[in-house]
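We begin with a single chain expressed as structure tokens, specifically the form predicted on its own.
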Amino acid sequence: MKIGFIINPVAGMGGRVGLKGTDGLADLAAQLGGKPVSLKRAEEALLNIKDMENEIVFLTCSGKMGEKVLRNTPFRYQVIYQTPEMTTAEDTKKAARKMLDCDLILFSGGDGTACDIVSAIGKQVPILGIPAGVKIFSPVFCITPRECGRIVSSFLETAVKDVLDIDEEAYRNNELSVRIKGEALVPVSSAVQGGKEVSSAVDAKRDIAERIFDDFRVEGKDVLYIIGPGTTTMEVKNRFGIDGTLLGVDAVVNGKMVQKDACERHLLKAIKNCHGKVVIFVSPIGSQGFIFGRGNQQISPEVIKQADEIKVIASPDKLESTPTLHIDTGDLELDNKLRGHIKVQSGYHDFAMMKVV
């Protein structure tokens, strides 16, 4: 089996520092303290491909676009593209075009990386994404890096899936514009995530927000509320009367915003200054079901570990299309601790028990 292997070395660097994407902003992400994540997640995926060391040959790029990770695995590989010091989207496209005789192209990145590969090879070769970007809306990614290893070991058939991406500049300005950028052949597996769906149940979201605000008035003194991105959580921000961000993370104490569009560093500082409980509000991505690790990386494992309570909120129609919830924080021990069942508030008086896997 011949597998193409490409890493976007800057993918995901903007997540914890609140940039909501890294396209064209890798230098700024680094200046703000963003760390590379795609190589580590790629290695995690490869080390979970079991008992196929003698059956797989990887075709890859030199250095940080592939070879650096493959050196740490038992797999055979051949470098077929020389990576320059500064990489761009063109390097991903050029490398992908050299992998047309592969049975699969495995890549580590986000939606932008998926778009680059599909723009270069179309549906000529199946692709599978290791989730490492900030935005991961396309149904071409496995749920976690560990799942990627299982899929590579076992997939038998492929299906055509849409490749999605958003306008990052609009995204940074609080606007969500998701567009189909192409189609890809993707392994059929329950471990491949679904595409993003948008819930429109306005009344249910307002009921949820009203309940949260009423609870705040009763027991919210000195509580730090860390409120994640999304339209459901935006209703909560609106009910508090704060000028919150639709697609960012905001921190609120005593009904007042203490940090708008917070990055990980801001949240850890707010926690340090907090004299009461720390409560995190998140809403799952529709259909995909991720509550941590997709579009809200600012709420990092270090932030989650210091929270007293995690509250998940979602309208009934979103829950109907989201059979299970997922977590992919990048901290396996934390992910395992959070798995199980969690109560999801779906109305003023309504709750549902959801399984987190």
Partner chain sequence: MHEFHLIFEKSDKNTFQPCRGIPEHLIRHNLDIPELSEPEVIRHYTELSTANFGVDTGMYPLGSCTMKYNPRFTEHLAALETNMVHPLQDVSTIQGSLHIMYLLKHYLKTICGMDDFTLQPTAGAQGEFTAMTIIKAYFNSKEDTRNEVIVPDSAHGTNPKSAAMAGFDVVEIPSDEQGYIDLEMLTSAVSEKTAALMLTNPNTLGLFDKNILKIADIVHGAGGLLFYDGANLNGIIGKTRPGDMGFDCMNLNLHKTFAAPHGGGGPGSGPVGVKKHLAQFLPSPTVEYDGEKYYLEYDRPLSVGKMNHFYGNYPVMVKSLGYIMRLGSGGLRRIAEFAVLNSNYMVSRLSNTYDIKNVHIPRKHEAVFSALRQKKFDVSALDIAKRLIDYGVHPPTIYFPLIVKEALMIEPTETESKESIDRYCDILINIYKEIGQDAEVVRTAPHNAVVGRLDEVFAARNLILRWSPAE
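Numbering follows the first chain given and starts at 1. All figures in this text were calculated on a predicted structure; none of them were measured in a lab.
There is also a form predicted in complex with its partner chain; it is not shown, and the following applies to it.
> Answer yes if any heavy atom of V152 is within 4.5 Å of a heavy atom of its partner chain in the predicted bound form; otherwise answer no.
Flag for V152 set to yes.
> Is K337 near its partner chain? Define near as a heavy atom within 4.5 Å, in the predicted bound form.
Outside the cut-off, so no.
> Flag R239 as yes or no: does it have a non-hydrogen atom within 4.5 angstroms of any non-hydrogen atom of its partner chain in the predicted bound form?
Residue-level check for R239: no, no contact with its partner chain.
> Can you tell me if V357 lies within 4.5 angstroms of its partner chain in the predicted bound form, counting non-hydrogen atoms only?
Heavy-atom contact with its partner chain at 4.5 Å: absent for V357.
> Quick one: from R146, R265, K277, K123, grab the residue that has a heavy atom within 4.5 Å of its partner chain in the predicted bound form.
For this set of options, the contacting one is R146.
> Which residue, R211, K260, K98, K181, is the contact with its partner chain in the predicted bound form, using a 4.5 Å heavy atom cutoff?
Contact residue from the list: R211.
> Of 153 to 161, 242 to 250, 266 to 274, 225 to 233, which is the one stretch near its partner chain in the predicted bound form, taking non-hydrogen atoms within 4.5 angstroms as near?
The contacting stretch is 153 to 161.
> With a change of at least 3 Å, which way does the C-alpha separation between P316 and I143 go in the predicted bound form: closer or farther?
Result: closer.
> Do K343 and C142 move together or apart in the predicted bound form, judged by C-alpha distance changing 3 Å or more?
Those two alpha carbons end up farther apart in the predicted bound form.
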